[in-house]
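Below you'll find only one chain, the form predicted on its own, shown as structure tokens.
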Amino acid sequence: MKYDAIIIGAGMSGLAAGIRLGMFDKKVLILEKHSIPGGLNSYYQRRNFDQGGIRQFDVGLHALTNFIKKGEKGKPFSKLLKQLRFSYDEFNLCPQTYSKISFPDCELKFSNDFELLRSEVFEKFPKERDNFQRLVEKILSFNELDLSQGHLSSREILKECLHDELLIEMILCPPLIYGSAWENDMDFSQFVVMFKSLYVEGFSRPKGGVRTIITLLMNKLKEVGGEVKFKTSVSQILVNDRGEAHGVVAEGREIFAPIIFSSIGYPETVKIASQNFFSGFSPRVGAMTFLESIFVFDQKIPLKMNDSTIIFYNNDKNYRYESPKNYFDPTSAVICYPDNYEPNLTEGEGVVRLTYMANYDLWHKLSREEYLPMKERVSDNALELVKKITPEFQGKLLFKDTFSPLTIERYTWHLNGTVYGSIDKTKDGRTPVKNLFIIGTDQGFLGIVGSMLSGISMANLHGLMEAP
């Protein structure tokens, strides 16, 4: 059977691209290696033998960035709603209380009202007041969607605007760990995207978590006639003598289409495409991967002990966003309290998720006998940090789980478990192979909303010729 387009990967960008193409009567096939959709932002379940029953957990989604209030126009999330024809209410968004960047000698709070962060910077870094204002003006006037924009170092630009090293480190911390494939820096266009997404617009979480988003996307894809095949691994992208992609080999079967969109990553795509047409070009595999521990308690942590939604924790004056020399870096973490999205419920079980930076190479070398004890070590360390932040909390631990860089690699296709993909992005989605385009993380848009907008934008640009 021949299709108008084949999409490799049923993550957020792949599903969004499939929906957008299907809206214009394109016959679309999405091929997904895993048994469920979502990619880097999915879900899984575990049987809790001590307590009985099945527990389901989000993967990836700490927060949906780019929060808007109902009726707001001209923002990334409102564009997503318009392009995919969703209503605001379908996402059932619960906004954050507030989040904070926590360093040893300073904390900065931010919320879905940018004035909170501005007032925090003014209060705690009074000498940087005018400099911070100029930085914000530069960010708000910068066109981060210009696909021809060359690479600019965010760290260097922040140093040009700000003089206080601590403030620079604190402002960089959340954008880096929520989106950078680079170690200790990120492209300024991407920094602007993240600054606006995190600080200016803010966080929310759909009621029901990531499954709410995936269900909406899957239902819409079915509505527009899109097709998804799960447990279907693509082993080869077919390229003809003219250097044009014209199909794929999946589970030993050739499937043809005049255009291919790949959401599995740029290096991963090159690996299964004909090497002859890349002229020795090989996108670099990023170094950043992570560990996450999830804890379920018999009660929620009271707001009087911690009322923040996400804590970007760093126990050092410098922020080292890099692959650690050991299995994980205990000096910094992202600590997410899913119960602290409004409205705050006081009854029921409590959940905490804690993410560390990790070293893929060391985890990859572990034997089977060493792997589980190392995961237990991570879990113990993470639980101690949770107790350190809320020492008065006496809730009973009902369940815990930890997933590693090897888990990420296994279920997402990303080489070395790299969450943010390659250092080498292709902003217009093009590759040296004609009709083969990159969507998602390695196209360059960040976050869940960014990932969906990537799929939409590349479908518009390359599959629909700028469809309205």
Partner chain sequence: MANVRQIVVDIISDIAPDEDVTNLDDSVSLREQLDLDSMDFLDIVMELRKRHKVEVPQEDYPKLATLESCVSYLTPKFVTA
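What you see is a predicted model; the values in this text were computed from it and never measured. Numbering follows the first chain given and starts at 1.
There is another form of this protein, the form predicted together with its partner chain, and it is not shown here; the text below is about that form.
Inset, instruction - Tell me, yes or no, whether S457 is in contact with its partner chain in the predicted bound form, where a contact means a heavy atom of each within 4.5 Å. - result: Yes, S457 is a contact residue.
Legend entry - its partner chain contact in the predicted bound form: Q236, any heavy atom under 4.5 Å: Answer no; every heavy atom of Q236 is more than 4.5 Å from its partner chain in the predicted bound form.
Legend entry - Close approach of F86 to its partner chain in the predicted bound form, 4.5 Å, heavy atom: Close contact exists here: in the predicted bound form, F86 approaches its partner chain to within 4.5 Å, heavy atoms only.
Legend entry - Contact label in the predicted bound form: G74 to its partner chain, heavy atom within 4.5 Å: G74: yes, in contact with its partner chain in the predicted bound form.
Legend entry - S78, L81 and L464 each touching its partner chain in the predicted bound form (heavy atom, 4.5 Å): Answer is yes for this spot.
Inset, instruction - Please determine, with the chain shown alone, which of 375-383, 154-162, 136-144, 86-94 has non-hydrogen atoms within 4.5 Å of its partner chain in the predicted bound form. - result: Stretch with heavy atoms near the partner: 86-94.
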